[in-house]
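Just one chain is shown here, as structure tokens, and it is the form predicted on its own.
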């Protein structure tokens, strides 16, 4: 499979750096090739164009993330623990790779409709994991019975995404992973005083 070949990963990793440092629109395929240490033509053995590189890098990174989450989440007992784990892992993934954080939070927000559709397809795997957590919480009675899963999913993802974007926009000056507990508490307990 092409994704398993070393040059594919090399180009993906180079694209993350090149796009983060130069911006998506300013990054030519030749810059990605130079960063990867390959000839320009080599890129086209693996990718159709720059859009394909962007979507592929998101698929690769998000795919790995979802795999890790699905494996490790099985060890958590409650839906609340699973949700905390997802939030914490999402933030720590971005904290560990500053270039990837810039790409996912800023450069993936392209106005190109076809690109947006392809990126949303990749996000479906993430949403499936989130749906499983929320559904299990409803089934066990941990989350309220009337919880609207679609709205809850949008709220959880939207919150995580906005906090990550704000962190990137602030030049990643603080530890985003430390925000995970507070975000989790707000999502699970809301604004109501717990007696």
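Positions refer to the first chain, counted from 1. These numbers were taken from a predicted model, which means no experiment stands behind them.
There is another form of this protein, the form predicted in complex with a further copy of the same chain, and it is not shown here; the text below is about that form.
Chemist: Going by a heavy atom distance of 4.5 Å, is residue 127 a contact of a further copy of the same chain in the model of the complex?
Modeler: Result yes; residue 127 sits at the interface with a further copy of the same chain in the model of the complex.
Chemist: With a 4.5 Å heavy atom cut-off, would you call residue 150 a contact of a further copy of the same chain in the model of the complex?
Modeler: Residue-level check for residue 150: yes, a contact with a further copy of the same chain.
Chemist: Answer for residue 75 alone: is it within 4.5 Å of a further copy of the same chain in the model of the complex, judged on heavy atom distances?
Modeler: Flag for residue 75 set to no.
Chemist: Although the partner isn't part of this model, could you tell me whether residue 41 comes within 4.5 Å of a further copy of the same chain in the model of the complex, counting any heavy atom of the residue?
Modeler: Output for residue 41 is no: heavy atoms all beyond 4.5 Å of a further copy of the same chain.
Chemist: Of 122, 106, 100, 95, which residue is found within 4.5 angstroms of a further copy of the same chain in the model of the complex when only non-hydrogen atoms are counted?
Modeler: The residue from 122, 106, 100, 95 that makes the contact is 106.
Chemist: Using a 4.5 Å heavy atom cut-off, which of 63 to 71, 29 to 37, 42 to 50, 138 to 146 contacts a further copy of the same chain in the model of the complex?
Modeler: That would be 138 to 146.
Chemist: For the stretch 149 to 176, I need every residue with any heavy atom inside 4.5 Å of a further copy of the same chain in the model of the complex, listed N to C.
Modeler: 150, 151, 152, 154, 155, 156, 157, 158, 159, 162, 163, 166, 169, 171, 174 sit within 4.5 Å of the partner.
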